[in-house]
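One chain comes next, on its own, written out as structure tokens in the form predicted alone.
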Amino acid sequence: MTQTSHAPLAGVMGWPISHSLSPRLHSYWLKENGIDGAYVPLPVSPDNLEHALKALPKLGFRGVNLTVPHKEAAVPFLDHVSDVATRIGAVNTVFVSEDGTLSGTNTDAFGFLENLRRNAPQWSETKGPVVVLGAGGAACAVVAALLDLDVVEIRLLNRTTEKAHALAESLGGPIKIVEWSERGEALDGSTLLVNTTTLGMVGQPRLELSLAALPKSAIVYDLVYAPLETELLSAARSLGLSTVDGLGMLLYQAAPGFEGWFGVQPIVTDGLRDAVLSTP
């Protein structure tokens, strides 16, 4: 499609940025909806983040996504930050207003829940405890989303226990800190296991975890999507457990930004998943 001088423009800022799948998925939606626009990768070093953000209105951008290492660092450089982003402490979506001001929000919690609802509709927050592995930015978004659902208990585990305590203190609610060494036992009676760590990702150490204590009705959700079929999900499937992969969260969290920048509410489809997973 030929891009006109008035075509809407958005992108993703990160350092590095070559690994990001966001250009592929947004480009798919642009083509699918016949929109004369563009979504581009923007390699921005941490030292240049403020200048890059402030330049967006002058360059004609309607907004950007933020990925590592900019999600937390960008907050002080924005004119407005949503309540959910403030609570999570990170911004992943920025909108440029007509007056040039920058507004930031976080759609990770939305993406996490939407992916869960679409792929494991049988799960209910009222049926029992949830186990969350990790205490980083992704864990914060996941825990915040679960707390908003009024889950009965969140068992939070992290290799650095102090970080888990800090997350629990910042968010409040029915969060129980469990030692990492007791992760297998923590699964007893839980309805949902969520891995928010990088363990099991390509190039990272394995996630060593026995699923023996999980009830047969439990859901196993791994935010890692490289590889798409992680060792954790494979082990869960071998036990007959329902699973949710991490790619869906990436796709669903992108939808609010696309709608805000390009004026169309996109749909997550099998065709989109195939396009994102295809070899470029």
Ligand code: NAP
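In case it trips you up, residue 1 is the first one in the sequence shown, and so on. Computed from a predicted model, the values in this text were never measured in an experiment.
We do not show the form predicted together with the ligand, though everything after this point is about it.
K.L.:
If contact means any heavy atom within 4.5 Å, which of 27-35, 241-249, 44-52, 58-66 contacts the ligand in the predicted bound form?
P.N.:
Of the stretches listed, the one contacting the partner is 241-249.
K.L.:
Do G136 and the ligand share at least one heavy atom pair within 4.5 Å in the predicted bound form?
P.N.:
Yes - in the predicted bound form, heavy atoms of G136 and the ligand come within 4.5 Å of each other.
K.L.:
Quick check on P76: any heavy atom within 4.5 Å of the ligand in the predicted bound form?
P.N.:
No - in the predicted bound form, heavy atoms of P76 and the ligand never come within 4.5 Å of each other.
K.L.:
Can you check whether N106 is within 4.5 Å of the ligand in the predicted bound form, heavy atom basis?
P.N.:
No.
K.L.:
Does at least one non-hydrogen atom of T198 fall within 4.5 angstroms of the ligand in the predicted bound form?
P.N.:
Contact check for T198: yes, within 4.5 Å of the ligand in the predicted bound form.
K.L.:
Tell me, which of R159, K176, K127, R117 has a heavy atom within 4.5 angstroms of the ligand in the predicted bound form?
P.N.:
It is R159 that has a heavy atom within 4.5 Å of the partner.
K.L.:
Heavy atom within 4.5 Å of the ligand in the predicted bound form: which residues of 24-38 meet that condition, in order?
P.N.:
Read in sequence order, no residue approaches the ligand (within 4.5 Å, in the predicted bound form).
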